[in-house]
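A single chain, nothing else alongside it, follows as structure tokens in the form predicted on its own.
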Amino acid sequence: MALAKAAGQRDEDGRTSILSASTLVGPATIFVCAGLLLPLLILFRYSLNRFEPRRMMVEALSAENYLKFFSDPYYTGIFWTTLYVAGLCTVICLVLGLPLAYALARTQTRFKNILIVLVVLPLFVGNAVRAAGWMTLLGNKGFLNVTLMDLGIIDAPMQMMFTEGAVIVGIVAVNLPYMVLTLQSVIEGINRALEEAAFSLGAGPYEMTRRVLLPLALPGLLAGTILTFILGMNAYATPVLLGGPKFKMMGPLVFGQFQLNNWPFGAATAFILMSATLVLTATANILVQRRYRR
């Protein structure tokens, strides 16, 4: 009798906890479905339609837009350029952000909060404004060229604007704070005694970083790299302003197709971009986790 009563009490508690969890998660789930999944389904449906200049979007169920994208070297070239730029910017952000994040996490100075605010401060400014700042620095009559000519180092302005390098610099500047903040919060949770134990056992800084710090900071590494890679793949303002009309990436390409009222091809391009980003980040996540489980 007592056992049955206890089992009934446990079942009732389980149902209550599930109900409470559903009550908490339900509104957010409904909001995500209504605000994200439904528009994506509509966008995917648009991508299967056909485009005719006079009639704009014509109802159809065709993979014509996807075939057009992958069969045209112009569009596949833009895709590979986007992938290359996003991957390179992610690697640069990781290389630059890890030492800074480690220094912020381990510093004991009373000015630590000020240092963190300095890292966050660029996020208060929009991407377009930051890109405009880089334009004043890298332009033919910008600060850098004028300074170098005044010092007699160069005779004519260097072409730094409207290049791939300018776009990479701009995207790294935008994404670096996200990488630093993500890594810093994770490294702070790692017990410093583990690092000191590695040093006491004869490990150098490189070995300690490779065998102790990086495996323990793996969640932050994955989160930071995924975040910066996604932001790099979907960058719009920076490629447009710093890359110019000749430098193409997927974000400006998608916007340009919608601007031309070619909604079916624009929707297909957007879906290809989103699918590639999700597949690549998921694959990288799985491979890295398998590597550190060995």
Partner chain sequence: MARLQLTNVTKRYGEMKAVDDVSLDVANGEFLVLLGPSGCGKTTTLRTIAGFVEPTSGSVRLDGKDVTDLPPWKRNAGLVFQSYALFPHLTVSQNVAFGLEMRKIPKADMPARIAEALRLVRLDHLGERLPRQLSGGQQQRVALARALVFRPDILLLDEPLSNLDAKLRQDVRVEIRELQRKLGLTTVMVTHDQEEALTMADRLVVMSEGRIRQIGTQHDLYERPADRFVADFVGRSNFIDGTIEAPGRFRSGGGLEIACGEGRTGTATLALRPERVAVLGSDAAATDNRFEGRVEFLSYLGAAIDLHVRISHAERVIVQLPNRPENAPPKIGDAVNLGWNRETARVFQD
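Numbering follows the first chain given and starts at 1. Because the structure is predicted, anything quoted here is derived from the model rather than measured.
This next part talks about the form predicted together with the partner chain, which is not shown.
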For the interface check, one of 139-147, 214-222, 154-162, 124-132 should have non-hydrogen atoms within 4.5 Å of the partner chain in the model of the complex; which one?
214-222
Please pick, from Leu118, Ala103, Val91, Leu194, the one residue with any non-hydrogen atom lying within 4.5 angstroms of the partner chain in the model of the complex.
Leu194
Residue contact check: Ser200 to the partner chain in the model of the complex, 4.5 Å heavy atom:
yes
Quick check on Glu207: any heavy atom within 4.5 Å of the partner chain in the model of the complex?
yes
